[in-house]
Structure formats: structure tokens, C-alpha cells
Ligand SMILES: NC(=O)c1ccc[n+]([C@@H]2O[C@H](COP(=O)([O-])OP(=O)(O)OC[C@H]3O[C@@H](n4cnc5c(N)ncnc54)[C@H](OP(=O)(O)O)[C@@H]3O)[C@@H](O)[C@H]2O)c1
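To begin, one chain is listed below as C-alpha cells, in the form predicted alone.
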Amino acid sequence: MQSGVQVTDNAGQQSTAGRRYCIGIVGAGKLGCYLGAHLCQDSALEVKFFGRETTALELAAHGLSVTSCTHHTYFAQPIAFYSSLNSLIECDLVLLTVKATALVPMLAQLKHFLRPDVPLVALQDGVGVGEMLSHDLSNPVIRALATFSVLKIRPGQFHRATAGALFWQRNDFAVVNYVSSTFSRLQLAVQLCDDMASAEFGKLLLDLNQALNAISGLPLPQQLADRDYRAVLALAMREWLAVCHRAGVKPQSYSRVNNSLLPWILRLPTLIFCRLCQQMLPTDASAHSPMWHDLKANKRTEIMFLNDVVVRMGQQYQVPTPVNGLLVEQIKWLESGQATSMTGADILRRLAH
């Protein structure tokens, strides 16, 4: 496969003992294309992309390139892109990057085409994804989380808009560990994790803002600069932290700040908040949450894997969750086209009543 960047992979050649691993990227959207372009830099890997035919045509016409604030542009052209999963049988490892809402219909196809010994890395946001996949698949399921967001800035060009890393479940599979080391060599930080429940719970704490951003309709930097929206987010986070405490899970922290302090920091005056959290804020002034993009594209959102988890687990552990309940309700109205954007002040008034 041709590549626009030369990367030394002598260590990789030794790790693969002279063979080429075949890696499948299933659900090659923004995140899948971003990760796949990195893997295409390594001559010891054969990368196959699986996704929509429209994406295949777009990449055939424009090629695939990815950028980030931490590295040069990586090119991957030509690439092997398939609109059906027939060739999945050839893969030694699958990175599953479809949305959590697409997992159920995807399972039947994976069972049909995926060899039962092939590890599957699940990169969905939300809690309980690994358990759901392990229940329905005989394949080893490795959990991973991307703590950064990827934007498509123009056809075939994807940009990492926020800082972050891949949190990767520690495992003993040579091909999985080779791929994670490839990401590390290509300036995409990978952090091995022994407690994925803690990682999922901590990521969900940050993802609670996805719904709020979609409800606001504003770019993320503008929404987070609004003290009322931050007050709502602080309340939503307090609810989830209370659930985590009752469930006996300590959420992973993805910043230098202790999770318990995040709601307090969100309530600070805007000028102080922006100065303190400059490195945590999105680097792209026009960035929106994935949930906002789903609503704009008239797609089902992942609300049931995010804020609705807080509501359901709150019921299980008898922790009140009115803020997240209101956010879930509003997103469902937006999905049905029967609601409009709400200001942070609107939400606070609704909660007060």
C-alpha cells in the first residue's frame, strides 16, 4: 500500500516475525478513517476499510489524509475499501468503530464473516459495550476508548480537533499489542488500562456534555463559555459521580484535575474557567459534539449509551438524576423533530420547576 509518510518499522518487522497482519476497520467513518490512516503508514500491516459506498467513492476521488495538532499530515492512498463485509474473513484483527447505536444490526454480519479466533477492539463510547459484545460474539473483545474527537474538514481529510489519547484494555494478543504500539510510534498516544469499567465511567463523565451541546446548537467553545450551560453540566456530572460512588466505581480521570473538582470548576466565572481549562477546551472554534452531528444528519443519537445510562443506573442505585433525565427527554424530542434549541438559562428554569 502506498503511503505519503515514511515511517521506520524495523521493530514492527521483528514483532510480526516476517508476516503481514491484516487489520479490518469496520465502520470507517471519522474515527475509523483517522485510525486507519495511521496504520497504513506501517508496511507490516495490510489495512482494509469497511463502510458506506459513499465513503468509498469519496476516498477514491480525494484520497485519505489525517492531521492533528501533534503530528504532520499522514496520507494513505490508494486504500482497500469495501462496502460489504465479505473480506472480513481475511482479517487478523478488527477495529470496530461503528456508533454504539449500530452495534445490534452489525452483530449478525460479524458472526457471519469474522473468524471466531480473531480479536475485536470495540471503540464505542458508553458503558457496558464490551459486555454486550462478549455476550453475543465468541470472539475475544478488547475494549478501547478514544478521548479525542475527529472532524471531517473536507472530503477525504480528517482532523483531530481535541487533545487526548487511546485508552486500550491490557491484553495478551500479539496483533492487538502490535497495533497499539504502531499508534504510539506514530504520535498517537496509547495508554494501557487494567480497569476498563473505571475508564468507561470516567469517559462518560466527560461525554455528558454531548447532549447539552446538541441541545444548545452552539459550537463547543461557545457553549462552554456560557456559564449557564456549564452550571447545567456541573449538575449532570454531580449526578453521575453520585451514581459511581453508590456503585463502588472510581471513574478514571482524563485531566490533571480530580473528577470531584470538575463540577466546582465549571461553576467558576467564565474568564477564570477559560484560563484554567485552556488545554482542555476544543482547539477548533467550530467543533460540535458527535451527538449534534447525528441530529443534523437525522440519525439516532447515542443518548441511551450516555446520559440515559446515568438515569437507569440512578434508578438501580436509588440516586435521583433529574438533570440527566431532562437532557435525555430533550434529545428524544429533538430526534423526533418536535423541539428546538434551549439556552442554559431555559434548562435551569425548567429544573427549578
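One rule holds for the numbers: they count along the sequence shown, beginning at 1. Because the structure is a prediction, the values reported are computed rather than measured.
The following text describes the form predicted in complex with the named molecule, which does not appear among the structures shown.
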| property | result |
| --- | --- |
| Partner contact for Gly51 in the predicted complex: the named molecule, 4.5 angstroms, heavy atom | yes |
| Any non-hydrogen atom of Glu239 within 4.5 angstroms of the named molecule in the predicted complex | no |
| Interface membership of Cys40, the named molecule in the predicted complex, 4.5 Å heavy atom rule | no |
| 4.5 angstroms heavy atom contact with the named molecule in the predicted complex for Gly314 | no |
| Listed residue (Val249, Ala102, Cys274, Val257) with a non-hydrogen atom within 4.5 angstroms of the named molecule in the predicted complex | Ala102 |
| One residue of Val98, Leu218, Leu188, Leu110 in contact with the named molecule, assessed in the predicted complex (non-hydrogen atom, 4.5 angstroms) | Val98 |
| Segment assignment from 191-199, 175-183, 102-110, 225-233: heavy atom within 4.5 Å of the named molecule in the predicted complex | 102-110 |
| Contacts with the named molecule in the predicted complex - residues in 290-329 whose heavy atoms fall within 4.5 Å | Lys299, Glu302 |
